[in-house]
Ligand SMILES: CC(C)(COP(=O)(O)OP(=O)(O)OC[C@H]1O[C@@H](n2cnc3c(N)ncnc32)[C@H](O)[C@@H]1OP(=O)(O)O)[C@@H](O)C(=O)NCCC(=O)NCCS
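Only one chain is given next, in structure tokens, and it is the form predicted on its own.
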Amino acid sequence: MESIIIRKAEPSDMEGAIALIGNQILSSPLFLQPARNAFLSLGTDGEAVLAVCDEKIVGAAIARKGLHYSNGKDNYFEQMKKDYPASEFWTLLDVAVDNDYQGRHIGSRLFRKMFEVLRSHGCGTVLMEIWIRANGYKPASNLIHLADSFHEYGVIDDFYQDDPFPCDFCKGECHCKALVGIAEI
């Protein structure tokens, strides 16, 4: 059985992690820019953890300090700040696992490691936007249970509709949604 190692990312891992996210989520350079920005500030305002098998990046989770939706909207931010006034927020930007490695609990291991890394920064609350594809599939929804608790704020319809990148799943105008919530870790 192949050995899969979960570790913090290094700046030199950026292109491999970004390529994986592009292959698994959306390939648009504009969609991938927040993940690039997080890599450029690793250890301060950005964090990334990777799953690596035989030097190949097979999974990635990327987070950025602060409250950030990938589409630039700010729905629910003021309420989150009221609900968690003493919190240092981080946003989980992306979680991706290579198709050939899915079903091996890599996503769970990435979440656990990311939560550990974020706690080391004093973070206790993580914004999660869980993508709901137009067909109803919620890729990361089965990982919410790894948080101590999850407070759902709502679902934003047509989450990416105003963004300038094409949706790889809708094949045209995007009708994907996002479930927005705070995970306490």
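One rule holds for the numbers: they count along the sequence shown, beginning at 1. Nothing here was measured: the structure is a model prediction, and the numbers come from that model.
We do not show the form predicted in complex with the ligand, though everything after this point is about it.
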Item to check | residue 139, heavy atom within 4.5 angstroms of the ligand in the model of the complex | outcome: yes
Checklist entry - With a 4.5 Å heavy atom cut-off, would you call residue 143 a contact of the ligand in the model of the complex? => result yes
Checklist entry - Do residue 104 and the ligand share at least one heavy atom pair within 4.5 Å in the model of the complex? => result yes
Next on the checklist: My question is simply whether residue 39 lines the interface with the ligand in the model of the complex - judged by any non-hydrogen atom within 4.5 Å.
Outcome noted: no
Checklist entry - Pick from 133, 151, 56, 121: which residue has any heavy atom within 4.5 angstroms of the ligand in the model of the complex? => result 133
Checklist entry - Every residue in 24, 95 and 108 with a non-hydrogen atom within 4.5 Å of the ligand in the model of the complex? => result yes
Checklist entry - Hey, which residues along 41-65 are within 4.5 angstroms of the ligand in the model of the complex, non-hydrogen atoms only? => result none
